[in-house]
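Only one chain is included here, represented as structure tokens and corresponding to the form predicted alone.
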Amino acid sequence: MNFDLSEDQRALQEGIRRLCEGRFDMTRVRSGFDTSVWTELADTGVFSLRADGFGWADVSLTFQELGRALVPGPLVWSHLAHGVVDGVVGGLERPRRGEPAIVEHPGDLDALAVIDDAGVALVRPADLDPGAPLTWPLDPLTPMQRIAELPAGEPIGDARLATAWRQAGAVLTAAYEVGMAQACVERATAYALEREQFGRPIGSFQAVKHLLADLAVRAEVARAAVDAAACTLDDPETGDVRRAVSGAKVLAGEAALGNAKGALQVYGGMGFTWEVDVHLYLKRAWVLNTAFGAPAAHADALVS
């Protein structure tokens, strides 16, 4: 595999980065997801990249940039469902019988995709019983609602589509997490060069240098795993898709969570305050580690 970016890929990466910097600064990100976010991304072509002829490697680059900017919303599901379901699409794995379903962004969805072993079903929000909103969600930018029981919904795909969406969803979630991990490196490094203690920038202290180096290496290893998984999705003959996807999800999840914690350590007590953005990356990392398979499940898949 050649992991060097082509000129077109570099242009795509730069274009999405400029979009995020110009339209999705932290002030807007902190205001949360609404249909205007989805519309701007849709108009830019973020959700239609596959339909427009781009490969999974290109889509992965896009989601790395979205994660770097912490753009909120059901972005992965909306991309997966493009061309199948119109509008803002959320999704989840159908819980076991008797267990409640946790639906993200319930007030903004046009449809909810539900995956199980039989395939993919579509549930309209109007068909959901009124649930209890989680008044204290783990991620303040990801509102959630507890639904006692999901309806069967309208089948829109068989088990093969469910498997394809699970794999692609895991890779795109991992790509988003890699972007988050890289953002934490950048934020922690900038703060370490700016914050002074004992008359010197804290970044000059050996312990902080080691911490920042660990963050940078963790993000780069995860990025390589995600790039490899995306390339394998594009060309399954180059490797084992299942193992590549699971490896990417494990490493990206560890990078997003570990780098957010490391950045908080660099910031010290300031990192836990609402005004500093780093804690938002940590909370999003916790949420994303439950999406499209928990790290423990993917780790088990790697050794099976």
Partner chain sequence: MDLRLSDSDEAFRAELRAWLTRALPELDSPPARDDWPARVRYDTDWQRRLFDAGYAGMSWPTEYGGRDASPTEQLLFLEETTQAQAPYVGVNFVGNLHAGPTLIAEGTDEQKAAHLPRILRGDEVWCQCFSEPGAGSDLAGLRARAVRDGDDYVVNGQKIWCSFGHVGEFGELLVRTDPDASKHRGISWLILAMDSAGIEVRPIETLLGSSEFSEVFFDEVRVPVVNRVGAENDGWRVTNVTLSFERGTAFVGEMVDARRLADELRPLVHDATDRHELGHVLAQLDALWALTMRNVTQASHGTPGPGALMFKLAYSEARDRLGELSMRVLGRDAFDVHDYRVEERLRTLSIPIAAGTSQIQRNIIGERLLGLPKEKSWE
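Residue numbers count along the first chain shown, from 1. Not measured: the values here are computed from a predicted model.
Omitted from view is the form predicted together with the partner chain, to which the following refers.
Trainee: Taking the shortest heavy atom distance, is Arg200 within 4.5 Å of the partner chain in the predicted bound form?
Mentor: Contact check for Arg200: yes, within 4.5 Å of the partner chain in the predicted bound form.
Trainee: Is Thr290 close to the partner chain in the predicted bound form, meaning a heavy atom pair under 4.5 Å apart or at it?
Mentor: Result no; Thr290 lies far from the partner chain in the predicted bound form.
Trainee: Just to confirm, Asp227 within 4.5 Å of the partner chain in the predicted bound form by heavy atoms?
Mentor: Taking the distances in the predicted bound form, the answer for Asp227 is yes, it comes within 4.5 Å of the partner chain.
Trainee: Flag Val37 as yes or no: does it have a non-hydrogen atom within 4.5 angstroms of any non-hydrogen atom of the partner chain in the predicted bound form?
Mentor: No - in the predicted bound form, heavy atoms of Val37 and the partner chain never come within 4.5 Å of each other.
Trainee: At 4.5 Å between heavy atoms, only one of the stretches 46 to 54, 271 to 279, 27 to 35, 231 to 239 reaches the partner chain in the predicted bound form; which one is it?
Mentor: Of the options, only 231 to 239 has residues within 4.5 Å of the partner.
Trainee: Looking at Gln145, Thr142, Thr189, Thr163, which has any heavy atom no more than 4.5 Å from the partner chain in the predicted bound form?
Mentor: Exactly one listed residue reaches within 4.5 Å, namely Thr189.
Trainee: In the predicted bound form, which of the listed residues (Leu138, Ala132, Ala213, Ala152) lies with a heavy atom within 4.5 Å of the partner chain?
Mentor: Of the listed residues, the single hit is Ala213.
Trainee: With the partner left out here, which residues of 267 to 304 have a non-hydrogen atom within 4.5 Å of the partner chain in the predicted bound form?
Mentor: Heavy-atom contacts to the partner chain in the predicted bound form: Ala296, Ala299, Asp300, Leu302, Val303, Ser304.
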